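Shown next as structure tokens: one chain only, the form predicted on its own.
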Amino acid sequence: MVILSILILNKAGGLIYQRDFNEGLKKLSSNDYLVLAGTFHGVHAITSRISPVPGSGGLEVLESDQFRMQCFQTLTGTKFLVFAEPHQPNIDVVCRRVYELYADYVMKNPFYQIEMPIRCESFDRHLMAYIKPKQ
């Protein structure tokens, strides 16, 4: 399983965390990542309203020939986006584990301000320890 990138969006659609795990990815500017986060937030909101399935939470998986994107939205509206190689199984499990790490090392950090960019060394370290063996 190859994880390409992880993004975390706050409930307003703002990018609060972004990390690439693959050296071969085209580097985007920080502004491009902010635009990507805002665009995904809007598309997610629209798809949750036009879905024919009652109670649908919106866009969860987007798969192309180049990548697979999996979204996990928490009850508070925080979205975890995991980009992986196409046809990768169990990406939803990775999303939930990233959420667990976020809950343990970001939300329990007394210096972290809710909805603000994540700057937590212990979260980075544990996330890297979880993702690295999957590469």
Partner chain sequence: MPIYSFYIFDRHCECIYVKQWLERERNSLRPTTSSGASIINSPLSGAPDKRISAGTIADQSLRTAPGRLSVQDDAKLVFGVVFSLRNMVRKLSGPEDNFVSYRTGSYKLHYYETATNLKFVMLTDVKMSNLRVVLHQIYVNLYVEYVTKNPLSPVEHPGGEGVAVELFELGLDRFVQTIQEA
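Definition used throughout: the rigid core is the maximal C-alpha set that superposes within 1.5 Å between two forms. Residue numbers count along the first chain shown, from 1. This one's a predicted model, so the numbers in the text were calculated from it and none came from an experiment.
Only in words, not in the display: the form predicted together with the partner chain, which the text now covers.
> Give a yes/no on whether residue 93 approaches the partner chain to within 4.5 Å in the model of the complex, heavy atoms considered.
Close contact is absent here: in the model of the complex, residue 93 is far from the partner chain, nothing within 4.5 Å, heavy atoms only.
> Is there a heavy atom of residue 88 lying 4.5 Å or less from a heavy atom of the partner chain in the model of the complex?
Answer no; every heavy atom of residue 88 is more than 4.5 Å from the partner chain in the model of the complex.
> Report whether the minimum heavy atom distance between residue 30 and the partner chain in the model of the complex is within 4.5 Å.
Taking the distances in the model of the complex, the answer for residue 30 is no, it never comes within 4.5 Å of the partner chain.
> Would residue 116 show up as a contact with the partner chain in the model of the complex if we use heavy atoms at 4.5 Å?
Flag for residue 116 set to no.
> Counting only heavy atoms, which residues in 56-71 are within 4.5 Å of the partner chain in the model of the complex?
Read in sequence order, the residues that approach the partner chain (within 4.5 Å, in the model of the complex) are 56, 57, 58, 59, 60, 61, 62, 63, 64, 65, 66, 67.
> Superposing on the rigid core, do we see a C-alpha displacement of 2 Å or more at residue 53 between the shown form and the other one?
Result for residue 53: yes, a 2 Å-plus shift.
> Checking residue 116 here: with the core superposed, does its CA move 2 Å or more between the shown form and the other one?
Not so; residue 116 is displaced by less than 2 Å.
> Rigid core fitted, then: does residue 12 show a CA shift of 2 angstroms or greater between the shown form and the other one?
No, because once the rigid core is superposed, the C-alpha of residue 12 moves less than 2 Å between the shown form and the other one.
> How does the C-alpha distance between residue 53 and residue 95 change in the model of the complex compared with the present structure, closer or farther, given a change of 3 angstroms or more?
It is farther: the C-alpha separation of residue 53 and residue 95 rises by at least 3 Å in the model of the complex.
> Residue 41 and residue 24: do their C-alpha atoms lie closer or farther in the model of the complex than in the form you see, with a change of 3 Å or more?
Closer together, by at least 3 Å.
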